[in-house]
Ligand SMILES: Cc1cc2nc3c(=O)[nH]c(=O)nc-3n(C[C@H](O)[C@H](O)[C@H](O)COP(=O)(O)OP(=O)(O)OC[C@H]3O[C@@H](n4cnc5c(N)ncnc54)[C@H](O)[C@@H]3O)c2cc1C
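One chain comes next, on its own, written as structure tokens: the form predicted on its own.
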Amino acid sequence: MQKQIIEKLEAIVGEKWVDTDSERVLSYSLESTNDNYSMVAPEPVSGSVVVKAADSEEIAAILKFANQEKINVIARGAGTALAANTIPDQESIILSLERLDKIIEIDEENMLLKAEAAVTLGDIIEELKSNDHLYFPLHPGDEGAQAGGMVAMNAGGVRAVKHGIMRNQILGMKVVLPTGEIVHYGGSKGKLLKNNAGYDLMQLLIGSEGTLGVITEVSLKLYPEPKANGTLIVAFNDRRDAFAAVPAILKRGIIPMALEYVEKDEINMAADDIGKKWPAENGEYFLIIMLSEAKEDDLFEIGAQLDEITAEFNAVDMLIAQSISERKNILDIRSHILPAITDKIVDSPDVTVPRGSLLEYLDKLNEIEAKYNTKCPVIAHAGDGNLHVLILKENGNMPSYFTEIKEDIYQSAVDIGGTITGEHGIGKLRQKYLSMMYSKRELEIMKQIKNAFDLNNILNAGRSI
């Protein structure tokens, strides 16, 4: 990066908050994609600079300057993205939001928490421990994930069945547009439940992967804390039976907090990796069902119903965890699967299909396995139809058929009304597959939207579309 550019950035944020040290810049140039999918993740281009802004006003000044100089800007959160969303492919200003780390307020009357962008999920959970009647349900897996990044990526994760994904949790946002204007969504206070005035630009920003604006504050919905919680592990010997049970559970009116699917090898690897023990000894395939109810009697009644329903699908065992420590143990193991299996996988496309089509997709996956003479283990947020299909290494290497099997995994989902990504996003890894889902005209419209927000294409250029 040129010296005069560095000096201008130092004038905006202070010399202390501009970092050009190559090793530290490299650490900000990598993300979880590099850790978990090293064979397919791009290597960052050198020459970038890290800038740590203090507030929206400094970010606005940086973006105005970047427009003048036509410099790419990458808004950087915790680096937990999984689609090469923030890995620079050109010299860039890496705009770290780490100083925007304050919880602004908990508004009990409006049942919301307002936080700056770098507040982590762990921070939110800890803050709400002192509040005995409100909580935030979403848990994308990594409690180091930051609020702004969770919004920009439209995070999903484990606990998204009852209350929805990140998009469903946002009441308002403060955003710096690529041209430097500071705007508010959800009303000037970011607290509106309803707003039917004009196009809903806030929804465009959610899931835009840092390409349409820099999110600096978010207002998150809070919910009444359920009084009775329990986690069930239901074991099966056939994964088709496990998937068949999912829509049966939901159509009986049981809406759990989470309805996850895991397989024995992967869940045991995760447990071993963090020094824990997976509680279920019987079965090869498992549903993890997290319940949150108003009364303990309701919890036990639903547990009994689940026992009956899953028995219809040949369940071989059911375990119930009620204590906080037991439930946390299961969630910790489930959340650690991806880091634990990194050495055995090349990639894990996160396709999503309609819940009623889970079995149809499983049949297609069986055909893909036979076609390439391989196994494709699955980890799934089964309650919302989101499957992570594991493409395994062969003798420690990328299989020769990697490109073909990945395309088949995506196309099979699209063919039955699904999508190529349910939560990880497009980034750089999935751009070429967008044409499976959208027509040329639809993609043109998306590019025109990007151009309307970001005329000089300075914000996370070359990502998402």
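Position 1 is the first residue in the sequence shown; the rest follow in order. As the structure is a computational prediction, the values presented were derived from the model and not from experiment.
Here the subject shifts to the form predicted together with the ligand, a form of this protein not shown in this document.
- The candidate spot formed by 267, 366 and 389 lies out of contact with the ligand in the predicted bound form, as no residue has a heavy atom within 4.5 Å of it.
- Here the chain stands alone, but in the predicted bound form its contact with the ligand, taken as any heavy atom within 4.5 Å, falls in 156-164 among 124-132, 101-109, 390-398, 156-164.
- Residue in contact with the ligand in the predicted bound form (any heavy atom within 4.5 Å), chosen from 348, 80, 219, 231: 80.
- Among 385, 140, 377, 190, the residue placing a heavy atom within 4.5 Å of the ligand in the predicted bound form is 140.
- Remark: residue 152 counts among the residues lining the ligand in the predicted bound form, judged by a heavy atom distance of 4.5 Å or less.
- The closest heavy atom approach of residue 115 to the ligand in the predicted bound form falls outside 4.5 Å.
- Contact check for residue 430: every heavy atom lies farther than 4.5 Å from the ligand in the predicted bound form.
- In the predicted bound form, the ligand lies farther than 4.5 Å from every heavy atom of residue 92.
- Of all the residues from 8-41, those having a non-hydrogen atom no more than 4.5 Å from the ligand in the predicted bound form are 32, 36.
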